[in-house]
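Next up is one chain by itself, shown in structure tokens, the form predicted on its own.
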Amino acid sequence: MGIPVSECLLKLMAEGYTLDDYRGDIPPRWCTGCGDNGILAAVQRLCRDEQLPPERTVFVSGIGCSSRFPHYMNAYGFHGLHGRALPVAEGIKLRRPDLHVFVSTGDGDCCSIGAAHWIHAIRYNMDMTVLLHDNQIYGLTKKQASPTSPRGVKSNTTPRGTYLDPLNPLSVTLGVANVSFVAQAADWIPELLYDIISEAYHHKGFSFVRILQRCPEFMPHQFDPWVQNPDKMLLLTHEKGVQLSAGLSKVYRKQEAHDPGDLHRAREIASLSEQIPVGILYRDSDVPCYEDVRMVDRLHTPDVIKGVLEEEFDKFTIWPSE
């Protein structure tokens, strides 16, 4: 005799979701040592800790190594066109504000071909968590310079070295109207990586997290000075930001008690060149979300969608005569 459906649901609610419930059907195909693996582990852990129902969670991406993210999550996913992750995610959130929306994008995907969408997504301030995987190079297409590549980097498109200074995603985001959450993390500090993504998820609005992500194939030594010398990192702490464990405080001694409400200081920190800041640079919970401004009257749940479709079908149904 089978177990009643009600008992199955009660059992599921009691046991909750595990990490396995968020793992996709195929294993990650990123290179060994790629920082994307650490980002994936942090996000899966967040989903487990927050008990996010996979059927109410969506991962959207564009094109690039980072954009394979939806394939490795057991949730709804949309692998979109190059640079178009944000408008797709905005459409999803506008029609289904009840869903948990995450965006994975790369430095080329977001800051180059997708730059216009990025700027306006900040203005709209829709409630979603955006993870910028920044390895400072085009990885999927095999080593071309990206907008965040440091000056002088030799690549397949810049064999003599890049001529321009890199774009700073933090400074750009902090300079756009309606900005509400900006943070920076590093894949080699997994404890803070998780904490920062968690803070971003809990913020209502457009949460932008730039993650410095190592590429062992095409930029294997790019972040070595900061990985090998913790004193070159600046960890931002605050009661409205993130707090450090005793272990992290012992290793990373350069710290600043930075108030995320101070936009001017956030912009100064974002412009630091010698030190890499890690933590929450800015947070403003009072910025209105676009989906709320539009005042959606009802959630577009499956039942609502089904009802609308049936109403339309009924207009063309030929009922059998009595």
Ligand SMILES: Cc1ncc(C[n+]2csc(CCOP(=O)(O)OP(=O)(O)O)c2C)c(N)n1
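The first residue of the shown sequence is 1; numbering continues from there. All values derive from a computational prediction rather than experimental measurement.
Quick note: we don't show the form predicted together with this ligand, though the next part is all about it.
- Proximity to this ligand in the predicted bound form, defined as a heavy atom within 4.5 Å, holds among 94, 167, 140, 119 only for 140.
- In the predicted bound form, this ligand lies farther than 4.5 Å from every heavy atom of residue 46.
- Although the partner is absent here, residue 65 lies within 4.5 Å of this ligand in the predicted bound form, judged by heavy atoms.
- Residue 107 belongs to the set of residues with a heavy atom inside 4.5 Å of this ligand in the predicted bound form.
- In the predicted bound form, no heavy atom of residue 151 sits within 4.5 Å of this ligand.
- With the partner left out here, this ligand still marks one of 253-261, 56-64, 38-46, 276-284 in the predicted bound form; by a 4.5 Å heavy atom cut-off that stretch is 56-64.
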